[in-house]
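A single chain comes next, written as structure tokens; it is the form predicted on its own.
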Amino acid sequence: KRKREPAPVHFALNNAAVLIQRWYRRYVARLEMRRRCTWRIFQSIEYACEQDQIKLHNFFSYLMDHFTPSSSKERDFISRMFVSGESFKEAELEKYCDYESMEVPDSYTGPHLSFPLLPDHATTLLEAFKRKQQLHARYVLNLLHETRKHLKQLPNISHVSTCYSEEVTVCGDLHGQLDDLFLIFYKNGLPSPSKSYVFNGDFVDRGKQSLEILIVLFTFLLVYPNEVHLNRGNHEDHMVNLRYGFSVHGRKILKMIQNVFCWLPLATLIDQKVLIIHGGISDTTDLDMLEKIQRHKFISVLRGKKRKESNRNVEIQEIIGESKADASAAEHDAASSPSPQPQPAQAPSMTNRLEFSKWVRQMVQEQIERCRQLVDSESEEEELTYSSFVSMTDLNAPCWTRQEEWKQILDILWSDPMPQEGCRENTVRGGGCYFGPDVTKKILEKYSLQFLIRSHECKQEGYEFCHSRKVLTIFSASNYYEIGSNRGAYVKLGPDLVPHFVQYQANKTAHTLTMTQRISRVEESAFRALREKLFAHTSALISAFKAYDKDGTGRITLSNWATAVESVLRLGLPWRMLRPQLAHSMADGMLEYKSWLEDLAMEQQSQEHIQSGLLEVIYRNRSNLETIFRIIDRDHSGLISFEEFHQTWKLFSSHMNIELTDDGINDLVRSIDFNKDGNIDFNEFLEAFQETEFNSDCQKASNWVPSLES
């Protein structure tokens, strides 16, 4: 008998399986490429916005450095406007935030609080917020007052042990997304003596329920002070809040929140082996210094860095001069003094430069300490805090400059890890640094740590390891950029310190989407945001394109298009890869940039119904305008008074060298008040900006907002 040959159908099936596998791999690879591009777009735009906030801060710092108030009234206004974050003295804060004088009306149907708080109060608050109820301002102020009192007694670095609880749960950024917090508590259980939590900063901004999150976290902090731990994030900063929208109606509440933020601990240590910080580390991170810094002095990490340090240098130079004079007169003072006084050490010979340098440094330090003692004796006595107690007991500790202390806090709140070795400035965010695996290894070895937990960056899966699993990023706000963009996650650590992750999606719609639908939806949102960014820089793009279009044809190559776009937006994106989603090329591989920009303008105009040239300026500056409006609106009522606008415009006109009389400013503010109610709301503020763009007589006055970009 002949041997039976395999049926052809078997070959066909095998070939079909191979083809399906190839097609599926290519399909998944294309989806992954789209996902990564989308993710990069969102992150680039987000970090560029953070850069804009720092530019805006530097702009106002420049104004303050070059503005001399002409009266005590102007001086008081500027002080309230730009130094609002400074600490109140204890008695002043108590008087300012007198919650006991506030009455809760009988018509109030929301939750009630009484102190000391009990677990029932916390669960009642959760149920009330699920029903969209609000907590009365009296209870909010009382809660903030008690939270501040508690935080003042805490060290800069909290210490948590797994010996006293079954496990420790670490949560990352929540960013005002209350549904994520509800879901965490539903899945993992409420804080209790057997269930500890560490919330790693960025509780507020971007989301719509930032205040509710603060109320819930502060309530559990007071109910379970040994089981709930809060770290400060870079968004627990009132200068950052001005841009990203966290605000409350009521200046007293906002003032108390700002003061509470500066008392939040900076880090948490679990079993002395796992360090939890919001952002990251640098090659100069010093946990000993962090432990002793008076953290409440840094109301805003962004504000006043250069100005305060330069003033400090002047003061130190003056003290050096005084030290030399004091040294020359030391013997005369000692002889004429009626009572014995401690005499400074005799100055060594100038020939011994090292000894003389040490002596001058010692004299300078003594004078600085004398100045501090004088200031402390003149200021009102404050309640003893943990950090001040540490500073007093460790008399042999080195004395750091304010700049060194500021950099320590800036680095742990703003830094990000990078795969390359070394440590360099974080130019993408505009603050903190990038630290490599060698920096991580150095810090872990120095302090005998196993690994770091940080947050600060949105991750698609809610968490991500790097640096050989020695750095863990945890992010708890799901759907951060768009519905379906990312999962949220939290991590649980037991006595073995092995991390166990729980991921989730707080939005029900995200559960119904397939992977393709989810990526398409997020991709559409990302490219919409990118087109808005491109349209906002139309004028600059035209100039960049013309540099490559020497003959004025209105056409450039795709390579030149990508180079020009990056030179204007500086987002670090792969523009040639993104180009098919943004612009269509001609058959010869050229791009008609004028028609492309016209299409962008038509797309935005169809949404806003505003003239194209004006709309471009509004898109480019709206975020800055909103921030400026919030700065001027000191009581956060949503309205600017005539007096606030009057004093602010004098500041701007001084910067722009525009001569404006008081009558001229009064006429200007009355013309902006379109509804004649005696105040300026944001729509009127924005409308006034629109008007100046097309008024040639006021062209100088319209240039101050675009100057923020320089």
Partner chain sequence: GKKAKDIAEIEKKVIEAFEVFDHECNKTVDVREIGSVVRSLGCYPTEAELQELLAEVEEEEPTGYIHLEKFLPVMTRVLLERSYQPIPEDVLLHAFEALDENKCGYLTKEELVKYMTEEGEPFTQEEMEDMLSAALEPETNTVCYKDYITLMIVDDV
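All values reported here derive from a predicted model rather than from experimental measurement. Numbering follows the first chain given and starts at 1.
Quick note: we don't show the form predicted in complex with its partner chain, though the next part is all about it.
In summary, the region of this chain contacting its partner chain in the predicted bound form, judged by heavy atoms within 4.5 Å and restricted to 98-106, 511-519, 170-178, 140-148, corresponds to 511-519. When contacts are judged by a 4.5 Å heavy atom cut-off, H646 does not count as touching its partner chain in the predicted bound form. None of the heavy atoms of G494 is located within 4.5 Å of its partner chain in the predicted bound form. Under a 4.5 angstroms non-hydrogen atom cutoff, its partner chain in the predicted bound form has W575 among its neighbouring residues. Although the partner is absent here, Q581 sits close enough that one of its heavy atoms falls within 4.5 Å of its partner chain in the predicted bound form. Site annotation in the predicted bound form: the residue of Q503, S559, Q294, Q133 reaching within 4.5 Å of its partner chain with a heavy atom is S559.
Shown without its partner, the chain has P419, Q420 in segment 407-429 as residues with a non-hydrogen atom within 4.5 angstroms of its partner chain in the predicted bound form.
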